[in-house]
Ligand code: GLP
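Here's a solo chain for you in structure tokens, the form predicted on its own.
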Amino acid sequence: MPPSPAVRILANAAAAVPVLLDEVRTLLATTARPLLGFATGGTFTTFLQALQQELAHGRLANAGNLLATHLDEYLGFPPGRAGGMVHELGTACPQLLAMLPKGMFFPVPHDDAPASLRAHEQRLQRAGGVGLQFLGIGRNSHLAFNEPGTAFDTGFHVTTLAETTRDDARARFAPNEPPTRAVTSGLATILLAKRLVLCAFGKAKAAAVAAMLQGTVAPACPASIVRTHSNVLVLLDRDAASLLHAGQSGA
């Protein structure tokens, strides 16, 4: 088993933003053609807004070489459709949307055709693979949209969303019902990234964080698979870390 993930407990969620920006700077400085994998959701909104400012004002060296992708997309939600993941990323960081017509942003397919999923995986491979993958964690320990019970050896696939996942998404789709199905990066695909940085903030994530870091590594807790990767950083606030026992903490 590789070393346990490095864990940093921060004063609050805002304190993660400079850490995440430094991760991007390191990727840009150490990789000729860096591919950055984004995660969506409220956990990353403030970071994406800060990244927009860095990109818009030319404060990231070598940013012109950056390639981008993301973890998952709702079925039937092309990049321009509100509620979709690309739309969310582009709303918080319009510079990412500008990369789409240049072929520098690789959107996850929004259809369930096996050929589309294979083509996307091959495109990531041709680009050299994801150098840095940002991750969140669901209240039920899902990673991307890999719900509990997902096999660890999965690649990109179509999944049915758990009710807790749909409940957490209701606000973004109100007054309509949230989607029931999505395309997601599989757990095996996530592990192919050279570095993983996972963020979790708030007491609602505390049980999932404890299961991820201190429970059994098993499909019942999809996020636990990060403990099998050799280059992982976990950023938590004090609330998200509140159920960890002594010793599972960092600066």
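Don't overthink the numbering: it's just position in the shown sequence, from 1. What you see is a predicted model; the values in this text were computed from it and never measured.
The same protein also exists as the form predicted in complex with the named molecule; that form is not shown, yet it is the one meant from here on.
The stretch in contact with the named molecule in the model of the complex, judged by heavy atoms within 4.5 Å, is 42 to 50, chosen from 42 to 50, 61 to 69, 212 to 220, 26 to 34. With a 4.5 Å cutoff on heavy atoms, I137 counts as touching the named molecule in the model of the complex. Contact annotation: T159 falls outside 4.5 Å of the named molecule in the model of the complex, judged by heavy atom distances. For the chain shown alone, T165 is a contact residue for the named molecule in the model of the complex, at least one non-hydrogen atom being within 4.5 angstroms. In the model of the complex, the named molecule sits within 4.5 Å of a heavy atom of M85. Residues H142, A144, F145 are the members of 142 to 164 with a non-hydrogen atom no more than 4.5 angstroms from the named molecule in the model of the complex.
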